[in-house]
Ligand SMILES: Nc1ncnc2c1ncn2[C@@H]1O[C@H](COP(=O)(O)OP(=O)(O)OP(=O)(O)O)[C@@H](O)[C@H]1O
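Read the single chain below, which is given as structure tokens and is the form predicted alone.
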Amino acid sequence: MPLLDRKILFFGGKGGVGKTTCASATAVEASRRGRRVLLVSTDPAHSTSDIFEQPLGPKEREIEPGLFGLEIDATFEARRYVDQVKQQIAELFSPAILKEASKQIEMAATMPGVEEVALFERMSELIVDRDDQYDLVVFDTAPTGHTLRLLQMPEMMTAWVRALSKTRRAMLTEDPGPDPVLTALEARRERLQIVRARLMQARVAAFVLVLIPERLPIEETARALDTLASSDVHVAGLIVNRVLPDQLDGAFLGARRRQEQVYLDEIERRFARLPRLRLAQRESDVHGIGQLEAIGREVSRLA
């Protein structure tokens, strides 16, 4: 299936391998083909503003006709998430209970993992609620481990919601009618199922792993493939970035090319079942629409 025919694409890999370049170039190419595209950065480094040479932020902004950009700020989203939870609780409980509940929520907001939950909530909103606004959503993700935890979030949160529902039912000693807490938890469970279902449909969503021909990125890619397989997330292929051009010469470059070839051969052997695409090392850093267009045309060949 052609890469750009999907609705959701994730670009992941070890830090510094060129995920932002590949994700941005793909978004540009898709918009050139007439698709309405949203490019979303979940990487705290947020290099998308740099590569497009214009500021992006936590709200969608048009980069050029048909192409929009968004940089998710985890701290901002965590605050927004906590405020939303407090608002929902205010609609369910009395003022006396609400005061103590709000206090507990603020304490919980400082605990590890809250930013990841908030980030996942924002991604879920883009995947589910914006489905009719964009033809393609491209995620430029954080380094591999962080991203894989986010993709496993639907399963983990579903188990958590089920446990909360079970506890809530045990608290209800009589049945005065529909319980608003259980109703809210059920709605949350259904939403998680929708997100997980979309992420698992190979014709809807796919992951593209970016690596360079070096030892550590190869090993990280292998681990990522195992995790993605266990999460039932389809991998569309690999982009082997920054491969030395053939026309270079000299003793130093010859030695580098021989070492690189060892890793390229290993990539071919270890990842033979996946489509693979090589992108040559460029003379300078990539930035600006023009350079992204050229790379996007290459990346679109991955199928």
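All residue numbers are counted from 1 along the displayed sequence. None of the values given here were measured: they were computed from a predicted structure.
The same protein also exists as the form predicted in complex with the named molecule; that form is not shown, yet it is the one meant from here on.
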Residue-level question: is R35 within 4.5 Å of the named molecule in the predicted complex, judged on heavy atoms? no
How about A294: is it within 4.5 Å of the named molecule in the predicted complex, going by heavy atoms? no
Using a 4.5 angstroms cut-off on non-hydrogen atoms, would T42 count as touching the named molecule in the predicted complex? no
Tell me, yes or no, whether G15 is in contact with the named molecule in the predicted complex, where a contact means a heavy atom of each within 4.5 Å. yes
In the predicted complex: members of 278-303 within 4.5 Å of the named molecule, any heavy atom: A280, Q281, R282, S284, D285, V286
